[in-house]
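So this first bit is one chain, no partners, the form predicted on its own, shown in structure tokens.
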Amino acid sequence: MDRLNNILLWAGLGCFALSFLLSGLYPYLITDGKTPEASIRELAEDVSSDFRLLKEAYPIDFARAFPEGVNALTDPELATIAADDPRRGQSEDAWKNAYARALRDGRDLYIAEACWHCHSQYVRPVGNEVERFGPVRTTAEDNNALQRPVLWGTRRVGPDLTHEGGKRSNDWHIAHLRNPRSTSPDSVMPAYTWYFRRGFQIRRGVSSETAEREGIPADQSYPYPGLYDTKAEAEVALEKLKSSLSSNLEEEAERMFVAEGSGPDGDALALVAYLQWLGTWSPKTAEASK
């Protein structure tokens, strides 16, 4: 029995030493000294459509979290200006600067919350890993600033996130952060409720005809983008929104009102931006975006 215990002890120590060696060797291998490491700003050259949608869905907290994006225009806003308008170029630069901040902050929050502990970022070239989580990443694809430190992870309580970007919508990630069981019934992930704040929002009630036709409660309502700090701010925004509606939407304007609500804060948006980036960058995509 003592001999078996000694064997298990030394085997365990050997595995630990091997993993320690590989964890130090891999970062060295992906920085060969010949190919420059891609900076976060370079990674942000190709702004994802998911990040752009975050501004449309959460304009107030987006502006607070990413002040660099003050001149970033959403697709509906771009549709209102000419193709040669200089604001288009300014907008794209603003998007890239805001995206760079979001990726950096999101990665830092991912580390601070120990997400890497339960979610690995390494598809192992064994078994059916590729079928489960996607292709094995190359060293060139990991040669970037967001892979410092290398977030291999320590175990897989949750799925591997190497290729998480674009798999799910922003709304799915927001709902998953608020209540993981709402999207993944068997999840043991804690609810990250501190990433959500309370405030006031503009809501629009459904018409009685719609409620009857769709079989939904008559008092059902849906929020407009934006979570305001005070009721007064929300009411000012409501009046502005009503005045912008055409005359044939007067009935809809009558169904708008201000109510208490909650939504993701800037940290939540940064974390979602990082998750939606995972697995989307490679040296090839970087060349294509230039």
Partner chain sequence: MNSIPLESPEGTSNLVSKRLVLWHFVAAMFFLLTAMGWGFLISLQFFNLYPFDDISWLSYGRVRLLHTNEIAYGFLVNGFLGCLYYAIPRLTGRTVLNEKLGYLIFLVWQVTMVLTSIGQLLGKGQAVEWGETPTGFRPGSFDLNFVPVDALIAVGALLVAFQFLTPIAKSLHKRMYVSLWYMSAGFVWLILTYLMGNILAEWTLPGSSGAATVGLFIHDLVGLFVTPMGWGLMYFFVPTILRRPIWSHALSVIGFWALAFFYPLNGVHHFLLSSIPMSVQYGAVISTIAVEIVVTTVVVNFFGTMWGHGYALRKSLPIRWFYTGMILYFVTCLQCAFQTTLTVQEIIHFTDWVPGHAHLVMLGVFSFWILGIMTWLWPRLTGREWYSRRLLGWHYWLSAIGVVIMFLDLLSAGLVHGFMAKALVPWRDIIMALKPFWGIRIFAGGMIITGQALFAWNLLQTARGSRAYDYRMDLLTPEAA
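As the structure is a prediction and not an experimental result, all values here were calculated from the model. Numbering follows the first chain given and starts at 1.
We do not show the form predicted in complex with the partner chain, though everything after this point is about it.
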Answer option from 190, 76, 86, 215, heavy atom within 4.5 Å of the partner chain in the model of the complex: 190
Distance check, residue 92 to the partner chain in the model of the complex, heavy atom within 4.5 Å: no
4.5 Å heavy atom contact, residue 156 to the partner chain in the model of the complex: yes
The partner chain contact at residue 201 in the model of the complex, heavy atom, 4.5 Å: no
The partner chain contact at residue 220 in the model of the complex, heavy atom, 4.5 Å: no
Region of this chain that lies against the partner chain in the model of the complex, out of 131-139, 207-215, 76-84, 165-173 [heavy atom, 4.5 Å]: 131-139
Triplet 196, 225 and 259 all within 4.5 Å of the partner chain in the model of the complex via a heavy atom: no
In the model of the complex: members of 116-135 within 4.5 Å of the partner chain, any heavy atom: 116, 117, 118, 120, 122, 124, 125, 126, 127, 128, 129, 131, 132, 133
